[in-house]
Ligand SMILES: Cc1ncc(COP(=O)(O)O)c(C=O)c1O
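Quick setup: one chain, the form predicted alone, written in structure tokens, and binding and motion questions come after.
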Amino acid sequence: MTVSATLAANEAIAERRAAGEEVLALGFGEAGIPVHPLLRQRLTQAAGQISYGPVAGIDAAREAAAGYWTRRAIPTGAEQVLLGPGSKPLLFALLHAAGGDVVLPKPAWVSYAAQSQLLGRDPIRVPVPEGEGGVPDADAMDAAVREARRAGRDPRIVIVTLPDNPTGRLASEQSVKALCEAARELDLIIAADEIYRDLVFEPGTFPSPAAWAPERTVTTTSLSKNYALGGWRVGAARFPDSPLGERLRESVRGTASELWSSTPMPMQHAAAYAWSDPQELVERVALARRLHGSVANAVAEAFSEAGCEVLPPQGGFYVWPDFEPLRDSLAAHWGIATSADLARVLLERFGVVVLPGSAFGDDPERLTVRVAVTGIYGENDSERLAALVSRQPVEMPWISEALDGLKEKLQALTAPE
């Protein structure tokens, strides 16, 4: 098992900067905004909490998480919630509890496949509906699962991401409903990774699978994206109020007791405050949504102007350009034939760090890359905070300069003199 492609990109950025090399850091999916002072205060106040806590999490944090989901139209009791040091270990423990093979959308976040492989299972990848992301096409999933079972495999769980990493797209309600119906027919558990839920750019009904398949959907979230607290490592899983949900929760709790014992106590107290949705933090998330949406759409426009096919991002902070219309030119001038070739040339020739689509399970020959836009929000907390509160983030001098630099580099890549 190699280091996660996203974390490896972050390390590559740090190494190149330490060497004095120019870097346009568009590879690592970190939220890129400063911690809110009230969250810092809560963490400081709880710093003396050094005892082991309950494996599932302290009552205050589980009750707050239950309230968080209930206010988002997913009625939840505290007994359905289990906390972990980030949503990644919770997802891994859930895959272990589910057993059998894992069905993934194609493309999908890098760690889903890696976690499946750590458990000795090659994932079953199913394309997403045209123009969408994060959810396997229901008809294609039905066919793939039935074929896998005929071949002696044992698919038991499907993972969906809403909104999606890497594409930045939000699956339609129609696609999610169809996925839920197919999962019920195939008796699949649904793992709904909704870590970017609060960062959907446009208001509207959120298509959570828990609304249409409540008896089989496990939903996960954390504070790493909406509040930019990735390094604090705290997440939560909501299990169904059903016999299946109770069995899965107890299995995950047992795994947790042997792997991480309990979620760090100071983080739980900070999370209890954050998941209660105090007005100050609700306002902070609204600012983050505006910042991510403004910059992501500007970055998408830059790739579109360069000749790429790119759909407008709908949530999170990712853009998924496809260089297919430029394939002949890229092959002739740079010898590019795969997404890995494309990412390598962007890094070595232009200092632009992106991840190849193949890292997310896309066909290697497809010329897709994932672009994480948060790397241009600023070099320090002062700049990032200024970008956060600006009504026109793309007009901040350092962001405008980075966007202009990206356009120049794309021009040199796609239309070399």
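From a predicted model like this one, the values you see are computed outputs, not experimental measurements. Start at 1 and count along the sequence shown; that's the residue number.
A second form of this protein, the form predicted together with the named molecule, is not displayed here; the remarks below concern that form.
In short, of 194-202, 291-299, 167-175, 336-344 it is 194-202 that has heavy atoms within 4.5 Å of the named molecule in the model of the complex. Proximity to the named molecule in the model of the complex, defined as a heavy atom within 4.5 Å, singles out one entry of G86, P123, P207, P264, which is G86. Shown alone here, Y318 lies within 4.5 Å of the named molecule in the model of the complex, counting heavy atoms only.
Contact between R233 and the named molecule in the model of the complex is found at the 4.5 Å heavy atom cutoff. When contacts are judged by a 4.5 Å heavy atom cut-off, K225 counts as touching the named molecule in the model of the complex. In the model of the complex, the named molecule stays beyond 4.5 Å of every heavy atom belonging to F303. For the candidate spot formed by W109, Y112 and T161, every residue has a non-hydrogen atom within 4.5 angstroms of the named molecule in the model of the complex.
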